[in-house]
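Single chain ahead, written as structure tokens, the form predicted alone.
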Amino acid sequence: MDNFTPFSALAGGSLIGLAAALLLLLNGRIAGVSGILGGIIGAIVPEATWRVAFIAGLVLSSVVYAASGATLPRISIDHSVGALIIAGLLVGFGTRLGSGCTSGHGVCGMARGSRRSLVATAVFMGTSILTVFVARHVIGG
């Protein structure tokens, strides 16, 4: 994590909060990415349009950021494709089981004072701490 600065964290968090607030104010929708992505399939055109635009904005923001001359952080993945597929399936199962993902519960739900989101975020954080501990200190050595 070489690129972390308090300014970059503040700027990134502010932009995420601004995007979530604008989506709620202008469209009346919660910015839960898993729900937005899952709702594209089988949605009618007006509903699918804003969902696709939101996801495209997420993807294209890194392109715009890089085009501004900024350096994107280098990402390296040291795990097998099979491990990534299993991890992705577990995340998908967890978001369905928890009725939302980290962005929906952690950003939007907690900002709205939702008890369910507070519990879900605590479970996400606890599970991630346990997973990193097991992966690095029990399995990974």
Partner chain sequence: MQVLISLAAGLIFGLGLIISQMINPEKVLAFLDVAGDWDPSLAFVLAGAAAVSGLGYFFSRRRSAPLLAAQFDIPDRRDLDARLIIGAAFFGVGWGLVGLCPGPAIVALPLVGLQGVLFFAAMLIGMGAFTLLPSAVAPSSSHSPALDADA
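Numbering follows the first chain given and starts at 1. None of the values given here were measured: they were computed from a predicted structure.
Not on display, but discussed next: the form predicted in complex with its partner chain.
Although the partner is absent here, residue 69 sits far enough away that none of its heavy atoms falls within 4.5 Å of its partner chain in the model of the complex. Although the partner is absent here, residue 6 sits close enough that one of its heavy atoms falls within 4.5 Å of its partner chain in the model of the complex.
Contacts to its partner chain in the model of the complex (heavy atom within 4.5 Å) from stretch 71-98: 72, 73, 74, 75, 76, 77, 78, 79, 81, 83, 84, 85, 86, 87, 88, 89, 90, 91, 92, 93, 94, 95, 96, 97, 98.
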